[in-house]
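So here's one chain in two forms, each on its own in structure tokens, numbered structure 1 and structure 2.
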Structure 1
């Protein structure tokens, strides 16, 4: 089994895979499509971060690929529908860098309320500007959190511990933690919050979620933070309201367009604006987060490759499976259409093969069947199984 790890994934991942007997190739950066296809020949698993695009074309030209590991939270860079059609399972790390993003957000809130960034620049330029004007504590301030998932809810807890009053808005019904209060609408949250922090996912409907109208609805003198997705915010509108003084500060960690390589020049309309902190998508970039991700994702990929387990898969039906003992395990990925299970079991029955264990689960257009059989079997049945109409992929595990 061959594994390709891109984008400088933490060394723990490479060490894990090598200890499990895989052949591992690593690259420190992402690869463009043509080069990626070339490097995926004879590769069963690819590990990426946010800069590598797994497109339908890549999948069509990587016939041996079984799984994609996203060593990050988001999967926008992966065509999940195309992966499902190709029988390629996708795994990510939805919780591993939550604390890191939350801590950066909290530090930005404090820095913006105290204008630390601007005062630091003045000191570096030789100017001593000691003043309490427009400098505030976080205690008692109203924090509005848009998106109350893993990151938003943990931010809620830490902010409340600092003495902030927490409000949140989410399109799904979420249970408030601590004394956080749910807002009936995003507009309601924007109107009452001193600080607005966005923590939504990458779904299409979140494009330009915060635009001209939303900035207008915010309190005069509010502070705005985005550490979720770059396309969530109209940054031209944000720049306009920072320049006008409507907003008193902003911290931005993600951008609509980001470079695919580490060391490069970058330009944005937000540069050189007052009390504006710009960071290069480092919300989850801590040693602890990268180590957590490198410990979590490889175990899920390994369980899938060796046992067929799909727990935490983004696109496959989730199945927790027992260890394989003295059996063969047949993995059957298929279109979710009626009659597949019956046809599969008819093949076993007609070949006098007894089923030891069998598991079936479906997810949208995809069906996933695991069948454990005794080791004594007619190898020709695999050809029969592959010929079932609607079959996407068949694997035999030992």
Structure 2
């Protein structure tokens, strides 16, 4: 098995794959389409970050590719539909930087309530402004969390540990952690919170979720935080409410338009507003998160390659599978159309093969069947399996 790791992926990943017996090739940068295709010949797994595009053309010209590892959270750079059509499984690292985002959010809440950045700026400009006015402890303050997923719920735990009263609103029915209280509507949350922190996902309907009306509904003097997605907030409306003093501060880590390159000039309507902390989408950017990603993604890829396991795959039906000992495992990826299972099992039956274990799961247009059989079998059945109409890919694991 050969693996290609691009974009300076953390060295832990390379070490892991070498220890697992893979041949590993690394590149410090991303590769353009043509170069990528050249480098993917004979490669079964490719590891990328956000700058390498896995397009339909790449997939069509990389016949040995079985899996893509996105060593990041987002998968916008990967044509997931084309991957499914080609029977290529995609894995990412959805939780590896959760804690990093939460820690930045907690530090921003404290810094905003104490106006740390404005005071620091004054000190850097030679101005000593000592005052307790408008400075508050976080203890006892009401934190409203919109989106109680991985990040929102972990923020809830840390905020409670600091003595905050936590309220949350989620469109899904979420279990409140600790003493956190569920709000019946977003409006209800906005009306009672001293600090509002947004942690929703990037679904289409969340465009401008926080707009003029939502800022109006917040308490006078509320603090606002967004470290989720830029398009979730109308930043012109946010700027207006910071200028008017309706909001007493904001911390923004994500923007509707973000540059693609790391070092560049940047302009936003939020610059130079009072008590406003601006960071360049660094919520999840820590050394620990990078290491966590390099530990998480390789194990998922390895379990897929060696066992057929698809736990946490972004595009494949998720199946957790037992180890195989004295058996062969046949992995069959197919179009999700009626009749495939019948045809598959007919082949086993007519060749007098007893099935030890079998698992099926489907997801959208894809079907995924794992069949464990005894080692003694007629190798020609694999050709029969491959010839079933609707088959995308067949693999035999030992």
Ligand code: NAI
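Positions refer to the first chain, counted from 1. This is a predicted model, so every value here is computed, not measured.
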Subject >> Label of the structure corresponding to the form predicted on its own >> reply: 1
Original post:
between structure 1 and structure 2, is residue 279 on the same rigid part as residue 241?
Top reply: yes
Original post:
How much does the lesser of the two rigid parts rotate between structure 1 and structure 2, stated in °?
Top reply: 18
